[in-house]
Structure formats: C-alpha cells, structure tokens
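Quick setup: one chain, the form predicted alone, written in structure tokens, and binding and motion questions come after.
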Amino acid sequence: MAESPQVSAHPVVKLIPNGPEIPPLGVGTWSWGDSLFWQYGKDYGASDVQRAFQVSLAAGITFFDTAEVYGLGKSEELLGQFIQATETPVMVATKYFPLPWRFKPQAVADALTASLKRLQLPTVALYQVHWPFDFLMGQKALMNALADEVKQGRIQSIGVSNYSASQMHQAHGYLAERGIPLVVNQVQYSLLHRKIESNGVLSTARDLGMTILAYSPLAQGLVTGKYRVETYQTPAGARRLDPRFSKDGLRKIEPLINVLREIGKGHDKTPAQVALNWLIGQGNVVPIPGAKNAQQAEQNAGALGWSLTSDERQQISEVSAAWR
C-alpha cells in the first residue's frame, strides 16, 4: 500500500474557539452497517469498514460523521467498537433525527443517551439535527434542548443538516440567545451538486462563521470516473433509480470527468482526489466522503497534501457550472 499523505499539509478546522478541531477532510459512515441503501453484509462487511477506519487514521483523518439512523444504529455501534480498539484520538459527529413523535425536549436527551451508548463515548465533538423538520417541538425548543446538552458537556458543539439559509439564520439566532454558536450545516455539495453556491447556504455559512460539511462530495461515485458510457452496466442498489447513472446521464458529465482526469495527471492524482481537493479549496468546506474499504479510504486521503492551481480551479468551476 502506498504511503498515505499526511493531513498536516492542510490546516485544521476549528469548529469553535478553544473547542473541537477537525481535519480538512472527514469520513462519512452512512454505508457502515446499512443494508437498505448500501450493500453492507453482501459486498462488504465489518472487517472492510474497520480497515477503512484504520487507513483513515493512518493518514491523519480522524473525523468521522455518523447518525442514529445509519443502519438503524449499526454505524454508531461499529464506529464505537473501532474507537475502543485504537489509542488515536477520534473526533465524532452524529445526528439527531426529529421524528414526529419526538415532541418534547427530553427526546433529544434520550436520543443522545442512546447514541453515546452505541458509540461508547461520554461526549461527541458535534451533534447535528439531521433534517429541519418542525413537527410539534419547534426549532426554538429543539435548539434549547441542544444548548442544555452543551452546558452538560455531553456534546461539544452544535450543527444542523439540510437547512436552508433562512433556517440557518433562525437556528443560529436561537442558540445565540444561549451564548452558543451554530458551527456546522451538513449539506450535499459536489461538483455535480453546487446549489449551495446559488441558494445562499454557502454565503450564509461564511457570514455566520460556520463550516459546511459536504456529504456526497463524490456524487455517489459519479465524479470518480468509475462509471463510463463505453463500459456501461446497470448499477446496483439505489443507483439504478438515479437518472444520472443512466447512459444519457453519464454522457452529460463526460466533459467534467475528462477535465478532472487531465488535471489529475499533472498532479499524479485521480479524478476523485481532484474533485475533493477542489471542495477543500473553497474554504470553510470539509468534505466527508464515504469509505467502505481500505482502498476507498486511501483514495480519499490522496486529496490532501497538495493544492490545485488557481487556473485549474477556474477550469473545473467553469466545466461544472451547469450544476450550480
């Protein structure tokens, strides 16, 4: 296995002053233990994702994002087991899902207790609201419940996920009343999904001093160059329902893939590594690509330790502009 690039080549990202610091690249663990959307238990298993964990740590990537709903808790359980087996400090982010019947603040405390038990941790670096659903609790009560957990020390910082610009402002305002910052909005962001640049989310994050956690930063593998028209096969799982993975869909992205491949040659990097490096270079953006095995983890780590030139960044921005 080739030597992995070290994360020290990029500055760490401070979520809050004197608080959790995370590397500029993390690992998303949606696929760990999930057999509904992903093929966990068929194409790969616990030993594969543990190797992904180990390879990531060896490269200095110590930030892992999970959620209570990933694999119905299995992702948190696996991550907790892996953390217990290493002495390397690991930063964990997990998420609370605002289900309709969770209408009292106590639901937040109960969900967090269950997550911490699965993770085998007394506290997490970041606790996020998975979706901006209001239902019966309301955002103010929800943010106050999260603020209470910060005061108790069970979570170190608060984030949201899939929030619009206006929803970010609202949540930020409620937390500000408690003297606590909103530090993260986790949203879909890739070269094939650049909507946060035009809908106000990215600019709002910068205005509020927040970090964007970019999920699906490789567009579920589309920007890796793995899926090609000339070798087309119907993809497995949920990808077969996504029109982007059809032959016509792949033809539309060919110009982008060709540019990523060409620029990558100059840096001895893959299209995926170029795509991740472009995201990191946006500033206040931390991509969290998935890694189901050691090979994927190693490829992700190759996005660190180097930088695109300004001309290369501009070229990539122009060829992907249709997805803004």
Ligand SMILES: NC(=O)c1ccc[n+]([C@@H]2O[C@H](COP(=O)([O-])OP(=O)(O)OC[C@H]3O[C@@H](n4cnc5c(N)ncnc54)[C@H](OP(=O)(O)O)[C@@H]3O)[C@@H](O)[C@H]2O)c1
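Residue indices: 1-based, along the sequence shown. If you're wondering where the values come from, they're calculated on a predicted model, not measured in any experiment.
The same protein also exists as the form predicted together with the ligand; that form is not shown, yet it is the one meant from here on.
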> Is residue 162 close enough to the ligand in the predicted complex to count, meaning some heavy atom within 4.5 Å?
Replying inline: yes
> Within a 4.5 Å heavy atom cut-off, is residue 56 in contact with the ligand in the predicted complex?
Replying inline: no
> Is there a non-hydrogen atom of residue 278 within 4.5 angstroms of a non-hydrogen atom of the ligand in the predicted complex?
Replying inline: no
>> Under a 4.5 Å heavy atom criterion, is residue 290 part of the interface with the ligand in the predicted complex?
In response: yes
> Among the candidate residues 204, 115, 211, 220, which is the single one with a non-hydrogen atom no more than 4.5 Å from the ligand in the predicted complex?
Replying inline: 220
>> Give me the residue from 195, 140, 226, 169 that has a heavy atom within 4.5 Å of the ligand in the predicted complex.
In response: 226
> Out of the stretches listed (173 to 181, 129 to 137, 76 to 84, 142 to 150), which one is close to the ligand in the predicted complex, meaning heavy atoms within 4.5 Å?
Replying inline: 129 to 137
> Heavy atom within 4.5 Å of the ligand in the predicted complex: which residues of 291 to 306 qualify?
Replying inline: 292, 296, 299, 300
